[in-house]
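For reference, the chain that follows is the form predicted on its own, supplied as structure tokens.
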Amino acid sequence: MTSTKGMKIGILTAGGDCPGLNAAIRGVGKTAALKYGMEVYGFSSGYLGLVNGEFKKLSVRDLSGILTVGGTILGTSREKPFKHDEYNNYVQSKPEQIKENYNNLGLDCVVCIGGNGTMKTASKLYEAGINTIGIPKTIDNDVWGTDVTFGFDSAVNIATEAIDRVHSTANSHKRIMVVEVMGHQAGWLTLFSGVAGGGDVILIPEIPFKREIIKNYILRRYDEGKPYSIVVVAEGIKIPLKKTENKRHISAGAYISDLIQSDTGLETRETILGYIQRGGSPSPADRILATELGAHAAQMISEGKFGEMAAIHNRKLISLPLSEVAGKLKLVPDDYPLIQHARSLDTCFGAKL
């Protein structure tokens, strides 16, 4: 194996924040410095730091005491350096600026921690001649190629606790309570928190719902002496809109709440959890996963496995080409076992089997 002492690596966190980012930074940085003798630099505000050359050398002391802390000590942004402007050119030649800063600092690799967009950019940077390694994170759990992303378990815990608390209000007031959960176009977070929180109706983007099925299900429960129901809704479900309506101003939770009250005549209220799902200290499971993926990324650097993403599959740490990950979404399959098990408990997904 080639000596790694004196190698210089960069770390950045891009996209939305989520629990476990600091644990991953720590996992990469400490392993790189202590085990492989590498110099570690942290870039601020995601890819924006690479573009502007904003970085700080990270010591082992800088990386201590951050395992349990939410957010990211490096900051983040949604900067997309390969995004085209109105003239179909890269804005201010940002990829060229990144390459110049990369070479001037004498970096051997940049570890890019983020979700789908981050992995896509990391893949393009590798194609442009910059050594990159990806680490997948997102509460949505929708990064292709890994069984799970860190941030997901923490978000499931938060959303489940919220659903638990809504139960008592629903029961006290005999109301239908709708809880909207994050996840973009993937239903993983809604499915897991919905099942864990005992949701009666779970609506995810992957399963198109029919309002008649939801109506009949809730009225049947009412006739059976169950006057309240918990409806867990993914933010990314498809909402049929009139030409005059703007989807940006109609939340999935509000839409489903209005629909249920209109169809059933039962009092219905919605709760939108929003960014609370992304904040705070990571769960123990996410701390462990982020640490493992971070340490694995440092090992990948030592082995020269550039242009790849650290991942976990069947409880084993693996790596796969970023080119295979870029542009893909991991969605909930129709035949996913948890859906089948929930249906056997009379959970409604708004569609027939």
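Only a predicted model underlies this, so the values are computations on that prediction, with no experimental measurement involved. For every residue, the number given is its place in the sequence shown, counted from 1.
Omitted here: the form predicted together with a small molecule. The next part is about that form.
Comparing 103 to 111, 226 to 234, 131 to 139, 156 to 164 against the small molecule in the model of the complex, the single stretch with non-hydrogen atoms within 4.5 angstroms of it is 131 to 139. Contact with the small molecule in the model of the complex, defined as a heavy atom within 4.5 Å, holds for exactly one of 252, 182, 98, 170, namely 182. Among 80, 175, 94, 278, the residue placing a heavy atom within 4.5 Å of the small molecule in the model of the complex is 278.
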